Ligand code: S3P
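A single chain, nothing else alongside it, follows as structure tokens in the form predicted on its own.
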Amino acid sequence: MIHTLALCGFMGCGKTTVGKEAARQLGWRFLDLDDFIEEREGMTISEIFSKYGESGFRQRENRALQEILSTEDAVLALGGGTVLFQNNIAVLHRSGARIVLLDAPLPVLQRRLRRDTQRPLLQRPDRETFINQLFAQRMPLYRAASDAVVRITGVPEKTAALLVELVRSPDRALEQSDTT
């Protein structure tokens, strides 16, 4: 039986929205890894990067992941870079978490991120080109780290229902779409 769903995917794919809905449908807790780190450290992710650099952030991220994974029955929204690091993937797999990629098409992500003012990474004049390049770089890594893929184009409730099916029937197909 799966007790933790760890959602990965590109920014704007719906990890938080879908994760909260899946947790509600399962009667589980929802946790956002970045929010957890910020609360635990008493500073924003940007401040942590500024003060400790990426390696300092990644150390804190790995410790937070281990702490979160000691609890059961949770849907966890991972940060965009979490599964880009093997030590984080190892921690997730050792815990028995099922890593699920929420795979949204690039045009959908471009549309969702067009007016985003919250993500520091996107506050640049070449936003669309940058998103295209980052997407091309990260998606193969997300796929490699994932135990299952859910292609999303529809409504969060349908995507969440597919995640619930993955928990209840862990042997189901590894790739699904919320349009079926």
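Definition used throughout: the rigid core is the maximal C-alpha set that superposes within 1.5 Å between two forms. Throughout, we count residues from 1 along the sequence that is shown. This is a predicted model, so every value here is computed, not measured.
Keep in mind that the form predicted in complex with this ligand is missing from the display, and what follows is about it.
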Inset, instruction - Name the single residue among Gly42, Gly27, Gly53, Pro120 that comes within 4.5 Å of this ligand in the predicted complex, judging by heavy atoms. - result: Pro120
Legend entry - Whether Pro105, Arg151 and Lys158 all lie within 4.5 angstroms of this ligand in the predicted complex by heavy atom: no
Inset, instruction - Examine Arg112 and determine whether its closest non-hydrogen atom to this ligand in the predicted complex is within 4.5 angstroms. - result: no
Inset, instruction - Give a yes/no on whether Arg138 approaches this ligand to within 4.5 Å in the predicted complex, heavy atoms considered. - result: yes
Inset, instruction - Give a yes/no on whether Phe49 approaches this ligand to within 4.5 Å in the predicted complex, heavy atoms considered. - result: yes
Legend entry - this ligand contact at Met11 in the predicted complex, heavy atom, 4.5 Å: yes
Inset, instruction - Residue by residue through 13-42, tell me which have a non-hydrogen atom within 4.5 angstroms of this ligand in the predicted complex. - result: Lys15, Asp34
Inset, instruction - Would you tell me if Arg29 moves between this form and the one not shown by 2 Å or more at its C-alpha, with the rigid core held superposed? - result: no
